[in-house]
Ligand SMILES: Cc1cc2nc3c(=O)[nH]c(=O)nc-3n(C[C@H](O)[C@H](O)[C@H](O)COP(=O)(O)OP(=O)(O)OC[C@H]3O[C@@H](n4cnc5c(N)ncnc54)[C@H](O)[C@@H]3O)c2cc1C
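One chain follows as structure tokens, the form predicted alone.
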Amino acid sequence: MASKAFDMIVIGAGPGGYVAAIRGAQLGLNVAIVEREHMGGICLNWGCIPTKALLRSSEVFHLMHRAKEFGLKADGIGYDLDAVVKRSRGVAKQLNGGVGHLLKKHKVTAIMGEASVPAEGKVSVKTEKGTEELTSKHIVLATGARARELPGLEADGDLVWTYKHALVPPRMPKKLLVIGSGAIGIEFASFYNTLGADTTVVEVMDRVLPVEDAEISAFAKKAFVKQGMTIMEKAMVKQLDRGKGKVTAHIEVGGKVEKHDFDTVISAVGIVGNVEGLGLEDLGVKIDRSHVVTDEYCRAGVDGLYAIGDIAGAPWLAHKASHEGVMVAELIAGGHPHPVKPEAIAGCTYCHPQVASVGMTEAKAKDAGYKIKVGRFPFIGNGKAIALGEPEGLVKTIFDAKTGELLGAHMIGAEVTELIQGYVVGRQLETTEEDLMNTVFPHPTLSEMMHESVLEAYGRAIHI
């Protein structure tokens, strides 16, 4: 069978791959994309999107219980877990169809199957009909990642779940253990806790949401405990004894092992890159702890081979993958794009309260040798936050005392995942504190707190 030639072949149709393919097509390249499971990848089908749909349901449920505060009446409040999950799956399905439509619209050749790279410039795809051979000078690996499974803590779909099981739960947990308090763990903890599960979170590091600024982590922990969660830090689940309808977890904390019973465990202890079965070792691609080693332009050290998104390492975020996809497509088409800077990428966690950040934490800025100015503004000082009934939160900004550069911004509270973008744009435009102080923020909005936090760093806050 003759092989088909393309200008660019993308392996994996998640938020990195399908965006790379579309951008390549826009630039006039003849592009093929290979996907083994579902268009839109994990993010769209089993990650970012369906989790946000679930969390929206729990947020509305939480608000219904607060009806009286707003002068409203709501009686007999309840939920139908199957219907909540059905809505979430419907949202994912709608977007999955959308990705297929976009690829078609841009005349990208989409092939469903399992790809490998047998040699430089060659891609072999196992499809239902047999094997297809493709060739291209430029191959983009966008195969993503999967949940890390620790020995003895493996998921079984019944008592022990991964994120996938947690998205389509066979039942509502009564007593839930969540292992890991990164974004995935804490979002599921937030969802199930709000719906009434007695929730315990175990984190091996010294604080929840360990990649966030320490002050934000402390604020989040306080909020979670107030909501009834049990938070165990510097703790490790050593083993799980599985019985009939229950799991006994051996949790090491403070040098002692405690035993606790749960009916459900969600494991969210990080991710592993999907590097197997592609033939990368034979090509001479360097792999470090399940991730492809690349340069700042996502080049994988083999002529014409690139790796983007989760397979290329942290930060493991969809929007990083998409931007790398665009950058690589432009590079292949002969352009001169800027590399994607990890420190310019915002992280968002959709627990309640929401958490969002960009740039350096206070500790990182100090470690890097900066003399810093730090500003803080609490939600309780903001009219819109009080009117919304969301007075708990904080906006924190960190500046280089010498140059006024915005080094980092960290927030916790209502809708901060939307607010953070203001600081992201500011950093991209190389803003200083003066630019931000001179910017007129509309009133009444939550965004005014961003202004006040900047002012506070320089002793000029008005409303505290």
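The structure presented is a predicted model; accordingly, all values stated were derived computationally and were not measured. Numbering starts at 1 and follows the sequence shown.
From this point on, the text means the form predicted together with the named molecule, which you will not see here.
**Q** What is the one choice in Ser267, Thr143, Thr199, Asn382 with a heavy atom within 4.5 Å of the named molecule in the predicted bound form?
**A** It is Thr143.
**Q** Going by heavy atom distances of 4.5 angstroms or less, which of Leu419, Ile398, Cys43, Ala414 would be at the interface with the named molecule in the predicted bound form?
**A** Contact with the named molecule in the predicted bound form is made by Cys43 alone.
**Q** So, Gly12 and the named molecule: in the predicted bound form, are they within 4.5 Å at any heavy atom pair?
**A** Yes, Gly12 lies within 4.5 Å of the named molecule in the predicted bound form.
**Q** At 4.5 Å between heavy atoms, is Asp435 in contact with the named molecule in the predicted bound form?
**A** Flag for Asp435 set to no.
**Q** Could you tell me if Glu37 has a non-hydrogen atom within 4.5 Å of the named molecule in the predicted bound form?
**A** Yes, contact at 4.5 Å.
**Q** Under a 4.5 Å heavy atom criterion, is Ala32 part of the interface with the named molecule in the predicted bound form?
**A** Judged by the heavy-atom cut-off of 4.5 Å, Ala32 is well away from the named molecule in the predicted bound form.
**Q** Would you point out which of 435-443, 22-30, 51-59, 422-430 contains residues with a non-hydrogen atom within 4.5 Å of the named molecule in the predicted bound form?
**A** After filtering at 4.5 Å, what remains is 51-59.
**Q** Within 4.5 Å of the named molecule in the predicted bound form, counting any non-hydrogen atom, which residues from 203-218 show up?
**A** Contacts from 203-218: none.
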